[in-house]
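Below you'll find only one chain, the form predicted on its own, shown as structure tokens.
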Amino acid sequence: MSAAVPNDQLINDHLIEERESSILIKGGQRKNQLKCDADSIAGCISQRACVYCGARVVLNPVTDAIHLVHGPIGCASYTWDIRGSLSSGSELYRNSFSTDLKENDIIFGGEKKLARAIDELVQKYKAPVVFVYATCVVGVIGDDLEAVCKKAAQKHGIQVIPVQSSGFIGNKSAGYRAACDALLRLIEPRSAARPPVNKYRIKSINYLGDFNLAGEAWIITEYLRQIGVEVNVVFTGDSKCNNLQKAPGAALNIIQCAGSMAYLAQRMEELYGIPYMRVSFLGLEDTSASLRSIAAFFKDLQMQRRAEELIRRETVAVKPQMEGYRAKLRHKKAAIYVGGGFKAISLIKQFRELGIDVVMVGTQTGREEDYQTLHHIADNGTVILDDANPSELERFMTEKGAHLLVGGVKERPLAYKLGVAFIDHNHDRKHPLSGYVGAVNFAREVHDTVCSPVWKYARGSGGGIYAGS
């Protein structure tokens, strides 16, 4: 299903010359490596989120913590309940507390206001941990979060952890790292060393990079339970502060979202000797491969047998539905623009399961190895791009005739403006897309949106062509 290789002029004609090294067409004449993991170029309206937002999306699913945003009210409202993360217990995390810095606070400093806010929240909610997020303005005026949090922790006898997420210090990836540093501070006070071997749970894992969107962590936890693996801690979906501190007791860390959690996995290997592997539970192929990899790690023949039984049972159950959707979606064209590289790789495989050609793929925070894999598995003619801006997304989707865009909330208006179907794979969705049940949900959503008759009435439709029901 390879597409014709387009002329490299598609790239050379784009408006901002500095972006040329961040865009590649597979099979084109330009063979140099894609530039990635770099700051956004001045003059581009990057689709990336800020440092603070990157930290907030990682930490927010810690359900029983107080999440206090030290900054203007807009920062807190922008990230209020931004993930569809579900909780089996506390709902405290659904609040978006803010110090609501005003002009006088900017001029004279906001440290006293922050201290009062912490006092008030701890007294009212009795939470075990307070996360205090720095925002852009805090980095500019120089409030000392470390000092304020240290004093508050001593006063209240709980952990008050500063999250150094001032927006001007980098991009969304820097926010991920700030969140991981905060999680390490939460873990380390009670776990300075790895537990003794006799307390070490041989078949226990930590599940990193799943935020329990629409209950996805529960689905994967149940799969693992069925093959004989105990999930020790999920980082950070449906997690509680006390549970997170048990993380050093696991035998293995598995990472779903490598962009947000690879750094934490590396640090935990250094501190506690826990090995890690990257997995993906998106799509039939990657879900099955991940279950096999986890079972193989433990070198348990019974576990491997149970894994194969689970894979066979679940695959057979969903096969009729998947084949039905494939028959209606074959040879449609999809564009992908998501946060991390591993998700983009899994989505290409998912679309192939449905007979859909991927004509454009990009990420906000992909790394060199991610793009090497994307380049390897993509068809000739596929546009591959890092840290895209709206004009680039619009241009390549239109030129490649995409029927569908998979992205996040910021990409939705662009797709609808072009008359192209859209699927939110990030924050706002209310149904799971992980595991076997998630693969069917994804196929159903792709079918329902691409094949909707509404596209017959969209003026200037760029690709959302009515495919019949």
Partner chain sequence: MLDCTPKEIIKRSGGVINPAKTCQPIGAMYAALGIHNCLPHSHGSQGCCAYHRSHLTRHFREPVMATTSSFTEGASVFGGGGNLKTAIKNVFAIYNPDVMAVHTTCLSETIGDDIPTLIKSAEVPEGKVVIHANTPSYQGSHITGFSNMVKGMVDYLARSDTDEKKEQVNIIPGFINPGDMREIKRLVSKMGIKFIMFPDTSGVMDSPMTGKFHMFPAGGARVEDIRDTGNSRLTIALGYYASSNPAHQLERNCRVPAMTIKTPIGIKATDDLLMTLRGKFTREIPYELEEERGQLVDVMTDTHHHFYGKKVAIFGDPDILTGLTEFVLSLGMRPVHVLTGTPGGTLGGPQGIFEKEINEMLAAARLEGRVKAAGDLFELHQWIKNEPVDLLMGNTYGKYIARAEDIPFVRVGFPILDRSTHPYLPIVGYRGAMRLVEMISNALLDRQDRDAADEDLELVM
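Here the structure is a predicted model, which is why all the values come from computation and not from measurement. Residue numbers count along the first chain shown, from 1.
Beyond what is shown, the protein has a form predicted in complex with the partner chain; the following relates to that form.
**Prompt:** Going by a heavy atom distance of 4.5 Å, is Phe168 a contact of the partner chain in the predicted complex?
**Reply:** Within the cut-off, so yes.
**Request:** Answer for Ser77 alone: is it within 4.5 Å of the partner chain in the predicted complex, judged on heavy atom distances?
**Result:** Yes, contact at 4.5 Å.
**Message:** My question is simply whether Ser46 lines the interface with the partner chain in the predicted complex - judged by any non-hydrogen atom within 4.5 Å.
**Reply:** Residue-level check for Ser46: yes, a contact with the partner chain.
**in the predicted complex, Ala458 touching the partner chain (heavy atom, 4.5 Å)** = Yes, Ala458 lies within 4.5 Å of the partner chain in the predicted complex.
**Asked** Counting only heavy atoms and a 4.5 Å cutoff, which of 296 to 304, 225 to 233, 340 to 348, 98 to 106 contacts the partner chain in the predicted complex?
**Response** The contacting stretch here is 98 to 106.
**Asked** in the predicted complex, do Asp181, Ala214 and Phe281 all reach within 4.5 Å of the partner chain through at least one heavy atom apiece?
**Response** So, no: the whole triplet misses the partner chain.
**Request:** Using heavy atoms only and a 4.5 Å cut-off, determine which of Gln245, Ser204, Ser391, Thr315 is in contact with the partner chain in the predicted complex.
**Result:** Only one listed residue qualifies here, and that residue is Ser391.
**Item:** Single option in Lys124, His376, Arg330, Lys150 placed near the partner chain in the predicted complex, where near means a heavy atom within 4.5 Å
**Value:** Exactly one listed residue reaches within 4.5 Å, namely Lys124.
**Prompt:** Listed by sequence position, which residues of 387 to 422 have a non-hydrogen atom within 4.5 angstroms of the partner chain in the predicted complex?
**Reply:** Read in sequence order, the residues that approach the partner chain (within 4.5 Å, in the predicted complex) are Asn389, Pro390, Ser391, Glu394, Val409, Lys410, Pro413, Leu414, Tyr416, Lys417, Leu418, Gly419.
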